[in-house]
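Just one chain is shown here, as structure tokens, and it is the form predicted alone.
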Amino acid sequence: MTAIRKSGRYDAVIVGGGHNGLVCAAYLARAGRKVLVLERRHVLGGAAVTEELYPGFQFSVCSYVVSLFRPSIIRELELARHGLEIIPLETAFTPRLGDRGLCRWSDPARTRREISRFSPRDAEIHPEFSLAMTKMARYVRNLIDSPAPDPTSWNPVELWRLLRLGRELQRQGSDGVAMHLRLLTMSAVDFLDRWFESEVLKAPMSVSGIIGTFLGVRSPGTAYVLLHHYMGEIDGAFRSWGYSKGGTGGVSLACARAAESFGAEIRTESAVERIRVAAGRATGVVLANGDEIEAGTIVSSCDPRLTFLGLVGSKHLDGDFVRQIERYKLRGSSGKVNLAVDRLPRFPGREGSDFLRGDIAIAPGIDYLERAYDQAKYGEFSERPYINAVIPSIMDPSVAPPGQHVISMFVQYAPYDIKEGADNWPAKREAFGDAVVDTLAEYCPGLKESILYRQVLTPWDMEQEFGLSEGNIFHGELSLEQLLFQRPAAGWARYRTPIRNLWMCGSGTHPGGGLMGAPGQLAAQAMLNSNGKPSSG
């Protein structure tokens, strides 16, 4: 039997070098703790990573835009000093066959003119809708920037928090309260139907309600997910989305540099095989190479299933808790296709590239989106999927050679549990990629001839390569029953776990998925507030 080699003792070991794990490490190290981050891949970032897959082209392999990253983290960790630069996305373009399509600009007057082509009424209402959603987002920001409220607690601090949230909601008046209830219960389409009449506008707006879920735009509950993705904030400007210069790996690397500047140690190619547990307490980790590392606190930035049923093991956990984790919905439903092309894509009816300085949504109608969902419900990938694409090389020429471009496409639907079983995804990968390229090429003549390189990622690939159980990019669906005090399990939404000295800091904890950093920040704060020591358990 190979002897286990021991490697020092740390105050905290972070399992996983994704952006949340790196944020958590930076805050703990800033507080003077001896911290070690272990990442199994050769590069940091988890799903927020930049890699050169084809000579001269830098790809944001998985996560590709920045919206929810908390401004307080940028300030407190001085991420700009460590190289973080966010370029605002200025447009949202929806191409249409036989038409110049719809472009929503950062300039409200230009947006109004665009929308009025399809509905003068919607053009008038759109600013009112944006204002109302901004108010809702400001209220919900209080939830995502704080630990999840505990409605079962009689602690005076908790009761005061709940009372304060109720009062803030009450200040929005009866219309605001009613709007919140609709957002919690309605589908994205039904919610938007109360405001707008044109499907040309409603379809691309509704898709924000399905990202991170295995639901359709007509499924109840997707209105809240729409709000979740409406909370973009860059430099204090609400409803803003951006692109990280150098790709989303730039966010992760800035967090890593901040952590190292405070004294944290980071190791790549250091896969954790299991978390060592003795007498109900986490005492260290065992690496795949046999090394053992002791720590006062273990922090997992992996998803709940991988953490508890994989790294810990059900034998160390209460049966009821195990059942909660087994019922926790992952259901990855999205894929990613990245292209290197030798020219700027062309969309008939539009000249230049100004309208491409943002995202491109292939969402021609509500029925189109529902048909895409229908195929996924029965275990097939969507042959005509919803695609959200960006061409980052327009805004950041450093990611591609001169005159050439990167196209990054997020795609729904690609269900992890395909009809033949998830292990059959490798045999279907290229057919899925063909369906995505064929769909975009309908709106973009000459696209296929311009392709130099193509990368196709299915949910199975995301699980195998990035450790995302069932390929879920958010570490679990953003459905209502898996949010706030129930994420990842009832009674365990404050980053602690049933294993003493084991904490969670990934997107499977409150406030959920997205490139926001809040789970890592809030987890570190919770540990530091626990008698001032991350090892208090």
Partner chain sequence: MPLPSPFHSRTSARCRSLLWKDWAGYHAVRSYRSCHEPEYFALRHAAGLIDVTPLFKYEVRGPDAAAFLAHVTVRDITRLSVGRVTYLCWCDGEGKVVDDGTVARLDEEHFRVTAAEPTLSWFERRTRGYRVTIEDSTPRLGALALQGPNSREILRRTTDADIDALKFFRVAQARLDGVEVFISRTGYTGDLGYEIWVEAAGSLTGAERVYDALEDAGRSFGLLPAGLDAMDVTRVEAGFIMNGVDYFSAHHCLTEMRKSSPYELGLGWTVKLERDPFVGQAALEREKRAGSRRAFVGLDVSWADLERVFAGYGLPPELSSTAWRDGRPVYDHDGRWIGQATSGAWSPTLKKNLALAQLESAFATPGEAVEIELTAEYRRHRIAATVIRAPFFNPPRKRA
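Numbering follows the first chain given and starts at 1. These numbers come from a predicted model, not from an experiment.
The discussion below concerns the form predicted together with the partner chain, not included here.
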| property | result |
| --- | --- |
| Option from 334-342, 443-451, 123-131, 308-316 whose residues, in the predicted complex, bring a heavy atom within 4.5 Å of the partner chain | 123-131 |
| Position in contact with the partner chain when the complex is considered in the predicted complex, options Val157, Ala279, Ala109, Ala427, heavy atoms within 4.5 Å | Ala109 |
| The partner chain: the contacting residue among Arg384, Arg113, Arg346, Arg267 in the predicted complex [heavy atom, 4.5 Å] | Arg113 |
| Distance check, Lys135 to the partner chain in the predicted complex, heavy atom within 4.5 Å | yes |
